[in-house]
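For reference, the chain that follows is the form predicted on its own, supplied as structure tokens.
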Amino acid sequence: MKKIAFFGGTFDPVHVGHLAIAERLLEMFDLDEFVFIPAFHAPHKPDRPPTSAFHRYAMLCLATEDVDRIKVSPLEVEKGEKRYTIDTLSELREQFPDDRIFFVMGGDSWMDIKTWREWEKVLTITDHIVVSRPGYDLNIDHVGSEISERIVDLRGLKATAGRLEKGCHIYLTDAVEMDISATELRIDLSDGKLDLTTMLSPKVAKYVEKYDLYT
């Protein structure tokens, strides 16, 4: 049985914080694979049209091509439509029936989880890893007592060290101490120049410049 983490999002653009999450969780949870799933268009972000899904997919491929055990899935991009997390997780569950699947989300998504379609089912179909940003206080009161009982708090720990439990659980971690905003990066790139040069991998930065994505 493999342990595979899937990280869904717009990744607009993918930055070093996203990669740090992948590398840290691979180690912390002793994962066999970490897979990015760029959304065609996230249904819970209706007000901001994202950069073309194909550009975002290409940037992820460039950012991860030299990293072992980190992959990019075209699952949602190839569908060519808005998809809900419940649909993607159900499909992944069918594709990997014998493997342990973890779905990764940020602390902001966790706090908005009740706005997701069939959110309670989302939290029971696979394991989940909630990654908090530095200084971000994760709350668990909004999900109710039944779901709270399945939360395993790993904050302050650098490894799971036998803390993984049987069944579908929600693991909270603050092990990735990077606070980078894709929104701020897009603003930074809007003048055609990247001032925050350390925030993007060189290959992604060149791709953004080549296709003039954020001006």
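This is a predicted model, so every value here is computed, not measured. So that there is no doubt, residue numbering starts at 1 and follows the sequence shown.
The next section is about a form of this same protein that is not shown, the form predicted together with adenosine-5'-triphosphate.
- Taking non-hydrogen atoms only, residue 105 approaches adenosine-5'-triphosphate to within 4.5 angstroms in the predicted complex.
- Residue 199 falls outside the set of residues with a heavy atom inside 4.5 Å of adenosine-5'-triphosphate in the predicted complex.
- Shown alone here, residue 21 lies within 4.5 Å of adenosine-5'-triphosphate in the predicted complex, counting heavy atoms only.
- Although the partner is absent here, residue 133 is a contact residue: one of its heavy atoms lies within 4.5 angstroms of adenosine-5'-triphosphate in the predicted complex.
- Partner contacts here mean any heavy atom within 4.5 Å of adenosine-5'-triphosphate in the predicted complex, and among 120-128, 105-113, 92-100, 73-81 they occur only in 105-113.
- The partner is absent here; in the predicted complex, the one residue of 180, 147, 26, 164 having a heavy atom within 4.5 Å of adenosine-5'-triphosphate is 180.
- Of the residues given (186, 41, 69, 169), 186 alone sits with a heavy atom within 4.5 Å of adenosine-5'-triphosphate in the predicted complex.
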